[in-house]
Each structure stands twice: as C-alpha cells, then as structure tokens.
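Quick setup: the structure tokens below cover two forms of a single protein chain, split into structure 1 and structure 2.
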Structure 1
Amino acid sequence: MDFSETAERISQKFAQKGYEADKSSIEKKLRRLVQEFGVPPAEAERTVTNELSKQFSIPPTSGGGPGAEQEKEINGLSPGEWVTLNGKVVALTRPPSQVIAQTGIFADPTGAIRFVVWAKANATPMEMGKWYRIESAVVDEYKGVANLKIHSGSTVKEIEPGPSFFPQVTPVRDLAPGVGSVRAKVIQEWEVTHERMFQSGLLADESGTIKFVIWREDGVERLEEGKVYNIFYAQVDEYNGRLSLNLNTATCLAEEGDIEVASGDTTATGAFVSLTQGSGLVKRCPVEGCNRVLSRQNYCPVHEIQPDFKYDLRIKGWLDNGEKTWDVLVQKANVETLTGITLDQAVEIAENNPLGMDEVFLRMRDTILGRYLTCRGREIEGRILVSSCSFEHFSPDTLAALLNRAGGES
C-alpha cells in the first residue's frame, strides 16, 4: 500500500466537499492500522474515511470510495478497489465468526470471487442461485487472494437473472489461488488427518495433480476414487507454496468415462536406511470415513476406543542413495511382496508371540533394512506414496565401479 498516495486521495476527496483534512495525520493512521493492527489496506482506507466523515458530520461512506459506482466485471478486479458488480451467488458457506453474516462465492460470466458480508452491514441476505447487484463493495486481499467485502456502506439488491453462463474450466497446472473449476479424476483417497476433515485425496487431469479436501459439513458427499468429476467453483488455497482445492464451496458432477491423467511418477533407488515407528502391523479405526491408525490401546483420536478395529500392514521409512533421501510409504500389497509376510501371517505372529506386534516390526526390519530398493509412486508433500517396489539385485559391474571409485580392489 502506498500510504502517501492513499492519504492524498482521501484528503482530496474531502477537499472537494470543502473540508480540510490533514494529509500527514491520515497517512499516520493508515500506516498504524495496516502495519500495527494488520488491517487490510482497503478496510483501513474505509475506516479512516468514515472517521473523517464523522469528524466533519458527513454521512459515512456516502458514495463509497473512488470508483464505487462504476460497474465492473469480476475478472478485472484488483485489491483496493471500490466496486459495483452484477452477478450470481454460486456458493454459500458457513460463516467462521459471528461478526460475519454470510460467506460464499459470487460469479459473473467472466469469473468468480469469494465474498464476505459483515454482520454490521445489515445487508439483505443473499440466496444461492439468485442474481444480485452489489454496490460500493471493497475488494481486498487475504493470503494473496482477492476477496469481496460487503460492509455498512454497501448496497445489495436482488435483480432479474442475467445471461446464463458456464464456469471456465482450468487445467490443474494453471490453477491459481482464488476460485477455480476443473475437470479431473480422483486418483487417490488419503487417510484423513484431522477430525474436521471428511475426505482428502488427489485429483488429476492430463496437466497435473492437486490435493483436495472436503471438510465435515451437513450435506457434503464423498467423491469416488477412479471417477471423473466436473468441479465448479472450488476454493484454490495455497500453503507453503503448494496449492490445494477446498471442495466445500464446489459443485461436483460425476461423469461417465475416463480421462488421461499426468503420471506424476517418481522413481527412487537406494538403501533402505530406516524403518520408522508406525510400520509393520497396525490397527485402523473401523468408523466409516476415518481409517486412522489406532494407538496400542486401540484409541482413535476422533472416535476414542475402538475394540472392533481392523488390521493393516504398512512400511514407513527412508530410502537413501548417498546423495538424496526419500520419505516413502509402502502399503499392504507391496509390504507383503517385499517382506514375504501376509496380513494373515502378521496377525498370527502378533497373536502368538510374547512381543506381539513388535515381533512383526522386527521381522520386517530384518528383512529390508540395509537392502537396496527401487520404489515408484507419486511424490506428495515430500513423501513418495509407493505404487510398486522391488529389491535391487547384485550387479558385479556396479560393484566393481564403486570399488574403483573408492580406490579399493574388486
């Protein structure tokens, strides 16, 4: 935010009405609101403008900020603007706080934007699927994403439906933080990692892959692995430089047939240097949609004690080739192939051995620790989810090359 420029704009606005506002004082207030209290720049400008309006006994936010009356399209919005929009409510979500009356997604034929209606705005509640004219709203930016803020100076009016439009579908690799629509296939479903999470997994199209999340809410439905979906108006979030889709605002329509998806495969070859805790025979929560690994006392962090658990096999560990280390997660089918221990055999070992499940862990460790493996799979958030895995076999040529490199004798 250019504080000097904004202060000049505010002071000029009041000068046109015959009032003298001190520019340095305005700039100081703006700087304090934004830098000390973290107020978004557009909100800071509105707050200072309203304070001056009260000071000069001018009706607050009359006419809004510069450009407030100008009708605009969503794809041309920029943070800091005061805008008037005509569009349709395509999603409503649960407000995260009592100070917010409504949240959702507002769309027109050119694009879509998240919106927030402050409780103090006393605005007409908007309904899903209806068209509205929103006057004198403010566009600000939160975590790099443009948001439409409807405040006490905004006006919301229901209008006749505009032209029908279809959301523009974006290839996965071209998604950006904000609101996006994709046509993609569910290629993996993951174990949920939070009690509020309903489903998570991986979507893919021919251009790339992206993580998706559905949070627990009334009416949410699970996506089916292997199916192709048209997903309209999902929230595209960014965390640590990685994008993900929040599907709670989205309309997900399954379609028949299949699409080609990007392989995204990573191949790693190296010595298996560490078998980490949580490997071997594990117990999982039987509650539908949970599948978390239970503690030794059969305790699920979400569903508490689960005596009717189900068994599973997995290997978590590190593969190292001397130059790079990979975090790998191997699931049941490949664990059985690598270790030669089936799930039934592992259960039998655990139930008939004084060490119980630890005996399975130790036998697996003795089988694979220090051996050379090649693992293939998708690398997600720094971990390879292994789809195939095999031992590397002795190669005299490779051994000779390594000994020569080390200066030894073959």
Structure 2
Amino acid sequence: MDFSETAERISQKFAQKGYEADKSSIEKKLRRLVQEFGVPPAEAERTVTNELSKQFSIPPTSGGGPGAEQEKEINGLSPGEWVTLNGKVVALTRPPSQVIAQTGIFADPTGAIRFVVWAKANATPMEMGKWYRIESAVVDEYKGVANLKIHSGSTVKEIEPGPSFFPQVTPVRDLAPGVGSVRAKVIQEWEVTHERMFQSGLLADESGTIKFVIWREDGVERLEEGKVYNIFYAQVDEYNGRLSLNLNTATCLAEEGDIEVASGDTTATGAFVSLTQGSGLVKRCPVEGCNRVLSRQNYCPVHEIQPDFKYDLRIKGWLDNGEKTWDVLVQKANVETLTGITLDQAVEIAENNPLGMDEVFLRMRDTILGRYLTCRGREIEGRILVSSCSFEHFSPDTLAALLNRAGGES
C-alpha cells in the first residue's frame, strides 16, 4: 500500500467538501493500522475515512468516497470523483512503468476514458474487448486529461457483455485531449522522424486537420494515403497547444468512398531570408517506408549505410514579411521550377564538381535567397509544406498606392 498516495486521496476527498484533513496524520494512522495491526489496506482506508467523517460530523459512507457506489456513465465524469462504471475495454497499451499493471481505454455507450491500473491494486488483469464492472475507482486528471485510476481500494469484476455500441464520432476541429473517435481521410504521409515511429501524417475531415502518429508495435498496420477511415478510440494528445492523434489504441476501419476535407491552406508572401542546411540535392534512404535523408556518409539513422540511395531535391528555409517568419519546406517539383535546376541537372552538377552536392546548394542559394516569393501550402506546426510557389514581381500599382499613403497623411 502506498500510504502517502492513499492519504492524499483521503485528504482530497475531504478538501472537496470543504474540510481540512491533515495528510501526514492520516498517513500515520494508515501506517499504524496496516503495519502494526495487520489491517488490510482497503479496510484501513475505510476506517480512517469513517473516523474523519465522524470528526467532521459527516454521515459515514462505506468503502471508497462519496458516490462510489453509484453507477456512472463515462460521459460526464469529473476529476476527483469516486465512481463505479460498467463498460468495455476497447484498448490495452503497454504500461510505461512497473508500478502500473495495465493501461488502456475503457468505454461505455456514452464515452471513453483512459485508465490506469496500479500494480499495487492487485486486480485481475482485464482483457481486450471484455466487459467489466469497476467499483470505487477514482477519476483523476493527468496533464489536463481525465484518467480512471484503479487502485487498491477498487474492485474489478468481469460482467456479461452489454449491448453493442458504436463510439461517438467527433469532428476533427472539436477534438479535445483524452480519447476521441473520428471519421477522416489520410491526406498526407510524412517522413517518420524517429526510429520508434511507424507512420505519421495528416488526417482531415470536413472540419479540420490533425496530425497522427502510429508507434512501432506488434500488429500495427499502416494507413493508406487518400483513404477514409473510421478511427475509434484514438488517444488525443496535446503538446504546446497542438493536438495530435495517437492511433496505437485505435481501431481503424477503412471505408469506401470519399469525404471533402478542409483545405487549411496558408499563403505567405515575403522575402526568402535563409536557406537552411539540408536544402538542395539530398540522398534518401531506399528502404521501403523509410525515405529519411542520409548523412554525407550515406548513413541512415535507422538503416545504417545505404549505398543505393535515391536522390531528391528540396528547399528548407525561412520566408519573412518583416513582421512574421515562416519555416517553409518545398519539394522537388517546385524546387525545379523555382531554381530552374532539375533533379537530373543537379545530380550532374554534383558529380562533375569539386564541391559536389554543396555546389547545388550554393547555386540554389544564389537564385532564391533575398528574393520575394509567395508560397501556398498547408501549415503544420509552424511549417508550411509548400504545394505551390512563385516569385513576386514589382507592382506599379503598389507604388502608386504607397505614394498616396506616404504623401496624403503628412
């Protein structure tokens, strides 16, 4: 039994009702009951709780906290509550630490919640797809997301399967951290940025777009670009105010047909003020599904030395309008039109020049740095993935308008 955690829980419970219960004295009492008198932990918790209730003249409750006995629906739980739920395990994930026995997602027809079973709870392991009655669990908040904690005072019983139900699908724009289900189309697949990542990209529906990630795990399957999926019970994570979907917990069902997706296009006009390293001619890892850019020694961070690389062109850099800067990423076709250097020409330059690939970088720099460009594309995490771009030209109309503006108001 984790005395300090239980003590915290008890004192929280009273704090909610407006009573101040001293945590350290609760802990001391618990410790004494369990260690000196051999009282089972759940019983000790009840004893201390009842004792405090008496002290504060609150009618005693048996077991857990207030409301623990009452059956609740998942939609409408609030942090700090003690609850009893009937529902189904719809996802199991690998626990991040040994003090946790199980993690996953628990759902009923009204909603879904992530759960944690503490190792110390000694609960029978739950199985995927089965129904359970969870008594006296605590709804907690972890990083702004509601979480069901199954602790030593909770009981978990398998029950008869309830009625079959489908999860509520949420428009992408309305997703909130926690668990979410969407019907969306894979509109982009990205280069994976980490060896533990299996696939990442962008999902979209009529209302918006969201990044998705699938981590490398047994049995995970790749989503196909351009296909529409019903995605049930994904984890909605938040980082720096941006949401992403972790699909490792989700069931993804491909669907026939198409949906109209939100465009989410950004247009940026400004001076191209910096061409960053990794621009120009690059070599990519040929291993299926990898496509990472190789280092100068043809080294892929995952697949090591790859002598049979593929060549590609790209431009990474900063577009700046004097008030705001955009990180832009331009891919081959647009690089060719902007710089006037085709992939074949670039390869030829690199092969016949003492500076090699650097020569391509320098030539591209001399053609685009300091020029005015308009880039259109999708903005993701502060970067525009450019789908079209062109040079800006001098506009006599702007000159006339500015002359008026400068002369007219003095």
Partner chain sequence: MANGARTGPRRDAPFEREAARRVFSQELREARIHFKDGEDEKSPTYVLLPSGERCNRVFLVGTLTEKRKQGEQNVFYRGRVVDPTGTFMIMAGSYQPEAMQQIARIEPPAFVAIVGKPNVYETPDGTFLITIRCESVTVVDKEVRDTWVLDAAERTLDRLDRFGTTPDSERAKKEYGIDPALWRKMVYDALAQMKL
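This structure is a prediction, so every number in the text was calculated from the model and none was measured. By convention here, residues take numbers in order along the sequence of structure 1, the first being 1. Rigid core: the largest C-alpha set superposing within 1.5 Å between the two forms.
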Check your understanding: With each form of the chain shown alone, which structure should be assigned as the form predicted in complex with its partner chain?
Key -> 2
Check your understanding: Is A21 among the residues whose Cα moves by 2 Å or more between structures 1 and 2 after superposition of the rigid core?
Key -> yes
Review point. Do you see a C-alpha shift of 2 Å or more at E359 between structures 1 and 2, with the core held fixed?
Key: no
Practice item. For V48, decide whether the Cα shift between structures 1 and 2 is 2 Å or greater, given a superposition on the rigid core. Key: yes
Exercise for review: Give the C-alpha shift of R9 between structures 1 and 2, in Å, after superposing the two forms on their rigid core.
Suggested key: 10.3
